[in-house]
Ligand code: C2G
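Only one chain comes next, encoded as structure tokens, the form predicted alone.
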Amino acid sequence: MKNKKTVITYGTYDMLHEGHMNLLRRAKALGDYLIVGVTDENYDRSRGKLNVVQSTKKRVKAIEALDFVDKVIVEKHKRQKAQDMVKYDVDIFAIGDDWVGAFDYLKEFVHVEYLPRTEGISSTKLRRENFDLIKMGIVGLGRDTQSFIDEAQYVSNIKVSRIYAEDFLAVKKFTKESPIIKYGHDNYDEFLDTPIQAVYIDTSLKKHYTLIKKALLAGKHVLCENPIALDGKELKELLSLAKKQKVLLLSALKTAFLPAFNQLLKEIKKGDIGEIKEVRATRTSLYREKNYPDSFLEQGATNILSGYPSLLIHKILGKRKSITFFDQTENGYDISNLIISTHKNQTVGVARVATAAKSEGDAVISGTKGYVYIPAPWWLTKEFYFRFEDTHKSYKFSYEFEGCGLRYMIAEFASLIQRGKRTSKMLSPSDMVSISRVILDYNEFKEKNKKSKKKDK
């Protein structure tokens, strides 16, 4: 016969405060043994909690330090609660009364108790009191500018208020029509001299280096569309300058910050598919059908798109040993490219990018025991499948996905600034260098080919 009554509760517990403590004590008073589930940061982001300041590790440690908590677990997905009720032989599930009715489905497993919250205190309130609002400006009228402004509205500690572009009439028209952006500039120095702390850069790739350098020298944090620079020396210079200025420089590769993508990387490390041998990823888009200007397409498929497959390949296979390009060109720029790289232990990365050919935008990670399949569009990761020779062993992961994905990237950018951090674990400087190196090497490859053709003539 069971001697103790087990109680379980869940929460984010960001910036552990009196309200959390009161709720946990009320939960413990319901039984003899208290289990606390701390939500994983990827799960938090997948359910729209974008402003959590502390890492999962720090939040878990804070709860473990409480003498009335008997066990701490990490909650990673929305189906876990029901599984935990059975796994830990739970008698009572306790949760705040702001969730009344939401967890009644668990009554088939346990008694559900909705506990009163402490009024006048919350993590949201503490974040507002302890962290200043980050004022941000937009640089350029690019393809993601409006989406960025829209998505930033879901990150409570960011305020986008200004925009800069060279075309004064275009800026004037934009600010007149925008309900959010009221201040427009056609002078970059004047724009940087305003009380903004950070900038998002969405311009033609060739302008990135100059714009980033000026912003860093002005002491601004920078989030810039990939690639940060088209020259290796320039990239290293910018990263070094950001470190010297003690500001954040981050590449705007939104895939790197998606909850499902980060969970994918964690699951792969468990080794269920064995030793990884190959990573294949495709990213194509017919921009001409979307009425993108020739000036955009002339930047080349590799410059525009290779950052996405390069991210997946680098995150899984690590530093590369060699790289080969099989490109197709038109009017002097590449319209498609098959990029094959080799890595340690004879592993291979295969990236396919194109702006004038359409392919299935999926990804496959092949191992000695099975493989992971990420359906199209894999770079907007929502779900992924672990598949094996014995199909009965196969399983699937699925995560919620809000908006177009930019809000997760913006939330990470804001969180790093608030915490005084200058590098992201999701996209570190070494990650950015490796990803950009593919573009830099391809541009060198093109130059060698041009010189070789001139010699032949």
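Note that this is a predicted model, so its numbers are computed, not measured. Note that residue numbering follows the sequence shown and begins at 1.
Below, we refer to the form predicted in complex with the named molecule, which is not included among the displayed structures.
- Proximity of residue 399 to the named molecule in the predicted complex: non-hydrogen atoms within 4.5 Å are absent; the residue sits far from the partner.
- None of the heavy atoms of residue 189 is located within 4.5 Å of the named molecule in the predicted complex.
- In the predicted complex, the named molecule sits within 4.5 Å of a heavy atom of residue 49.
- Though the partner is left out of this view, residue 96 does reach within 4.5 Å of the named molecule in the predicted complex, counting heavy atoms only.
- With the named molecule left out of view, the stretch that reaches within 4.5 Å of it through heavy atoms in the predicted complex is, among 292-300, 99-107, 264-272, 134-142, 99-107.
- Taking a 4.5 Å heavy atom cutoff to the named molecule in the predicted complex, the contact residue among 329, 153, 118, 245 is 118.
- Put simply, of 17, 437, 25, 446 only one has a heavy atom within 4.5 Å of the named molecule in the predicted complex, and it is 17.
- Within 4.5 angstroms of the named molecule in the predicted complex, the stretch 25-46 places a non-hydrogen atom from each of 39, 43, taken in sequence order.
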